[in-house]
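In the form predicted alone, a lone chain appears below as structure tokens.
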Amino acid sequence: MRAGVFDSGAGGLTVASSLISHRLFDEIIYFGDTARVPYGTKDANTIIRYGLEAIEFFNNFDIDILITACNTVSAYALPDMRSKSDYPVYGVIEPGIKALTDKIKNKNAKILIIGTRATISSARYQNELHTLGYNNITAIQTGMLVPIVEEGIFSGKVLQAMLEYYFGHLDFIPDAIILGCTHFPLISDAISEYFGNSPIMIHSGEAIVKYLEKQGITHRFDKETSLRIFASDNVNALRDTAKMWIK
């Protein structure tokens, strides 16, 4: 079984890593739109257009499903992408919400959502959680964490200063944090430590694995999943990043 994984750049490698570690597929075709990253600052129409162009790219491969690892694309483009594809297209927002509701039953729990400007502005996470009865939701745009991760800064003074910038004004410790950007699992330890290691962390990669398993896609391969990486610009840099980020 072959899966496509689409992301605006390198962040979706954290989702690919989870899929590889659970061996749900025998092959993953990864496409990072590195020429136009970041998507988190783009308008909705542009994000939809990029998503549809990704469908055109993956139509060149005989894939069984496509996973849109990018939260921003998942927030805006899934209906349009599904209308143009002959295979199922999954995003990461619905699996992330399902992962949170599985772990947090208290509807008054303090939930913090962090993501890019476009993801937070879409209010997809916030609205769906409100619909499910969760009453205590805070959403923060934390886009500057993305280039920090891209620089390979996963701990230390620079990251701590940025966490203080974004979270220092909060007057509560969250019960759960939705990592609404695929870069953020790489700094989840630092984020958790900032809040005293108490929040439950919702990671898109692990959430989509659980979600797919409930759709009947389960561990089925004894051999390691093969990974083919493509990019709209500087594919060698993306492949080098994959070597560092995927264990």
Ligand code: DGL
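A quick note: this is a predicted structure, and the numbers were derived from the prediction, not measured. Don't overthink the numbering: it's just position in the shown sequence, from 1.
Although not depicted, the form predicted in complex with the ligand is the subject of the following passage.
Exactly one of Leu129, Val146, Leu100, Val89 has a non-hydrogen atom within 4.5 Å of the ligand in the model of the complex; which residue is it?
Contact residue from the list: Val146.
Quick check: do Ser18, Ile178 and Ala207 each get a heavy atom within 4.5 Å of the ligand in the model of the complex?
Verified in the model of the complex; spot residues all out of contact, no.
With the ligand left out here, work out from 209-217, 32-40, 56-64, 188-196 which stretch has heavy atoms within 4.5 Å of it in the model of the complex.
Every other range fails; the passing one is 32-40.
Only counting heavy atoms and a 4.5 Å limit, does any residue of 104-123 reach the ligand in the model of the complex, and if so which ones?
Going through 104-123 in order - heavy atoms within 4.5 Å of the ligand in the model of the complex - the hits are Thr116, Thr119.
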